[in-house]
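Quick setup: one chain, the form predicted alone, written in structure tokens, and binding and motion questions come after.
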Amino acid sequence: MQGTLGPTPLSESEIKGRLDELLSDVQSASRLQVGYPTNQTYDYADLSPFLDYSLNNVGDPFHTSNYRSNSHRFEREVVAHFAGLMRIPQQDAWGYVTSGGTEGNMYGLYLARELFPNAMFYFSEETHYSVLKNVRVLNARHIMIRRQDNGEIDYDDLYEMIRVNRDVPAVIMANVGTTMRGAVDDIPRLRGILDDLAVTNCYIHADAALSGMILPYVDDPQPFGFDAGIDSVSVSGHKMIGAPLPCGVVLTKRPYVERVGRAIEYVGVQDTTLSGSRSAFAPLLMWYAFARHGDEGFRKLVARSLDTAEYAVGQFNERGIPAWRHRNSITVVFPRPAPEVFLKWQMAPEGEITHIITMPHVTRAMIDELVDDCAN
């Protein structure tokens, strides 16, 4: 078929035509995107010169590398900033910039598996779909725990499952803002269950993909950081921060990583990450966002998104549509609308419900139009 890739190069007009078509599709889709947590209000034009170079953050960002075209020093600053947000002293923290939440969750669970090879892994049915894949890749024993109606893990079910298996180490996957309902698991309560059952060989990894950039910026957050009892955490960069490509950060305690690292002569660096070659552009994106906005800028960004979420709940309810959200959450849950409305607004489904996520690019005007579509 004309215009598709084949044994001969495409003409300049064919190349431009294909790219223009894709650009038009993306622009059209982005204007009505309310169902997925990607902040589209950003401008990284200042970073475009770096696209002319083969940057590669191979290996541990805290060690020198033979491959010097890297952004390791910026990556270290990003990790240090997240250490402050996640409430762990910088000298005790280690982390790196990932390709996104799935890799961050995989890394946390990988560390747990290396620390406790015979552990039982526990996660709720509300946990992100990638976690089941992760534990299968790790060949780890696991039990899926029931969830409550509000999306939190069923603590009674978890207690009973750990009690039955209390002779083996326990690894708990905690949700700090679930994908569908924005629920935050009670981390001190999870620690309390482990303490009550005298399970001393244990590990808690937190998936804070979206809420990891919300809870640090609100006045009364649910417990979410290392001070609450977690051992590692994954936060996404393309969600509240905003980025043109998926990215994130994983953060853990430095002694844990020292157990898994090994020196690689070829690149002259410690091999402590999951991937070998890693994006050196993603750390620049996150560093630039923090440098431009600062914590005060993100605090305002989060406050505006929370205000929009509250507005959305009110508008839905005024029109007789039962919508709700958790405290400190920008995820607004409501009954699944008609198929044409669902497809128009690119919403995420789960059975009879759906949600919108009031990212910074979602305006009150968009909410009004969406509510009208749902009510008609």
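If you're wondering where the values come from, they're calculated on a predicted model, not measured in any experiment. In this text, residue numbers run from 1 along the sequence as written.
Although it is not shown, the form predicted in complex with a small molecule is what the next lines describe.
None of L190, A282, A209, I162 but one reaches within 4.5 angstroms of the small molecule in the predicted bound form through a heavy atom, and that residue is A209. This chain lacks the partner; the member of P223, P169, G100, P216 within 4.5 angstroms of the small molecule in the predicted bound form by a non-hydrogen atom is G100.
Residues with any non-hydrogen atom within 4.5 angstroms of the small molecule in the predicted bound form fall in just one of 286-294, 75-83, 238-246, 225-233: 238-246. When the small molecule is considered in the predicted bound form, S305 lies well away from it, no heavy atom lying within 4.5 Å.
Contact check for S124: no non-hydrogen atom falls within 4.5 Å of the small molecule in the predicted bound form. At the 4.5 Å threshold, heavy atoms of S130 reach the small molecule in the predicted bound form. The shortest heavy atom separation between G177 and the small molecule in the predicted bound form is within 4.5 Å.
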